Each structure stands twice: as structure tokens, then as C-alpha cells.
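The chain below stands alone, shown as C-alpha cells; this is the form predicted on its own.
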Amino acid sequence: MHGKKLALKITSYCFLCLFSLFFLFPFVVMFLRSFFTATESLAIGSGLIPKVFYPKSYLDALDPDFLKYTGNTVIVIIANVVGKPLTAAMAAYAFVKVRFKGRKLIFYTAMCTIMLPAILTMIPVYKIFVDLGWNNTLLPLTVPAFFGGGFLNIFLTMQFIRSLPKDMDEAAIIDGANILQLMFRITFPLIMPVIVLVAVQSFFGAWNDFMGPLTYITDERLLTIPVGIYNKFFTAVSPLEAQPNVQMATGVIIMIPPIIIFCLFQKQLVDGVTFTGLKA
């Protein structure tokens, strides 16, 4: 029996390694081709490994335009990483802990919005931002983050708060704590896994967001990384002007922050998903 378990474990690990290599292969190709010269990257049959490593592709990728796009992206990310977890947790606390008139009606109405496809609300939301004079600014990408960032974030946080024991709140109320102290000093520290989960998901969403900047921004100076990179490379007139090697180097660079965030918060992400799933 011990030999069968060992053989099964070895087989499982081998299968998982092969499966991982299958998904990692495109990234390995991108990394190797980022060291090609522009001419070699356009040549037919150039293979995977460059004849001479050309690291200048990374210097060409980090041009002033890329740094400008990165600065805009950082502004959007900060607003989303701070605004979405904070307001989602505050709204969830209000739905769970505070009794107010119309609470159930508001909750069920908001729940219905989860079933609406994003494409269905794109034109009405765009019209609202145009009427506010926010088009061609970063405001449509930052201000909505301070309204919960979608009811799904609020709902997940609510499920987590519902599982907390009521004894702590009652003891704090007896000691004279007000609602803000209950929320920020007792509840929020206990729901930190789901707050981190929402924050990390907000980072990935803002970092990879293509439709938002494409819809609301036309000014080249305000573009974020996804749309800026698209305009930079995929509107080139000739293949040589598109610089395939610099494209690969740019792809490697923009992969680094998400990988770092995932490695730093992997435990919190797993805990947040696990705990939230159990609470739900």
C-alpha cells in the first residue's frame, strides 16, 4: 500500500509539473524573444533562443511614454486598492450590524445588479460621466472605487462579518464604544483576510483594465498601461516600427508587479477565498 501511494504521488507531481510547463511555455517564449534584436525577431525560423542576447530591448521599453502610462496606472491603482476594500467593508458593516428602514429592499435591489452584464450598463454609465464633465479624465477610473467597487465585494464581506460572534460588540458597547469604534477597532481587524482579498483583486483589476481607459480617455497623456501599450505598438505602420522584441520586453516588465503582489499576498488570498467560501 505504501508503494502504491508513493507511485500515485510521484505520478501526480509529474503530471502537475508537465501541466505547469504547458502554461508557462508562452511566458518562457516571451522572455527569450525579449532578448532578440528587432531584425532577428522578424526573421523567419529565428528559433527560441537568441544568437546574441540583446538586453537593450528593456531600455527601449522603459521610454518616457511607458513611464507616463505607469504613473497614471499607479494613481488608478492607489484609488482602487484604498477605496474598494474600505467602502465595501463599511457598506457591509452597515447592512449586517445597523438596523435602518428599507435595509432589505436596498440589499435585494443591489443584489439584482450582480446579474446585470457590464456591457449593459456601459452606455448609461458613460452618459453619466459625460454629463458630469469627467470624460477624458482619470475620475471615472478612480471615484467609483469609493462606492464599494461593485456589490459582489460588499456581499462577500457581509458573509464574513455575519460569522463574527456578537459577544465582542456587546462587551464593547457596555464599555462605551460607539459605532465607528466598533467598526474600525473590532470588526475590521477580524475581517482583514477578506479586506486583503478585495484589495488584491482591485489591484489586478486596475492593472489589467483595458475597457475603462479605452472608453473614457482619449488624451494620450492620461492613458494607463494597457491602452497606452496598445496604441504604442499595435498602431505601428510597419513591422519594424512595431519592434516585436521591445513588445516582448514590455510584456515581461508589466508581468513583474502582479507576480510580486501574488507572491507577497498568496497566503492572504488563499485564506480570504477559503474563509469567504465557508462563510457563504
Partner chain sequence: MNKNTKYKDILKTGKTLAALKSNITGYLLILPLLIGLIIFTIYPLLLSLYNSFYLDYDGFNNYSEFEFGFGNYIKAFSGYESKLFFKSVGITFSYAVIMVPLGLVLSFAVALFLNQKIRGMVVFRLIYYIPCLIPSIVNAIVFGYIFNSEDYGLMNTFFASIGIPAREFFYSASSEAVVTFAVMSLFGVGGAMLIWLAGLKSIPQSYYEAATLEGSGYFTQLFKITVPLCTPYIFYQLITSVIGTIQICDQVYVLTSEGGRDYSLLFYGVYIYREFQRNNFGYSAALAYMLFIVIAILSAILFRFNKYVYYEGDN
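Numbering follows the first chain given and starts at 1. Because the structure is a prediction, the values reported are computed rather than measured.
Here the subject shifts to the form predicted together with its partner chain, a form of this protein not shown in this document.
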Open item on the list: Using a 4.5 Å heavy atom cut-off, which of 73 to 81, 161 to 169, 189 to 197, 95 to 103 contacts its partner chain in the model of the complex?
Closed with: 95 to 103
TODO: Spell out, yes or no, whether the shortest heavy atom distance between Asn208 and its partner chain in the model of the complex is within 4.5 Å.
DONE: yes
Open item on the list: If we define contact as a non-hydrogen atom of the residue within 4.5 angstroms of the partner, is Ile44 a contact of its partner chain in the model of the complex?
Closed with: yes
TODO: May I ask you to check whether Phe27 falls inside a 4.5 Å heavy atom distance of its partner chain in the model of the complex?
DONE: yes
Open item on the list: Residue-level contact is defined here as any heavy atom of the residue lying within 4.5 Å of its partner chain in the model of the complex; does Met255 satisfy this criterion?
Closed with: yes
Task: Residues in 137 to 172 close to its partner chain in the model of the complex, defined by a heavy atom within 4.5 Å, in order - done: Pro144, Phe146, Phe147, Gly148, Ile154
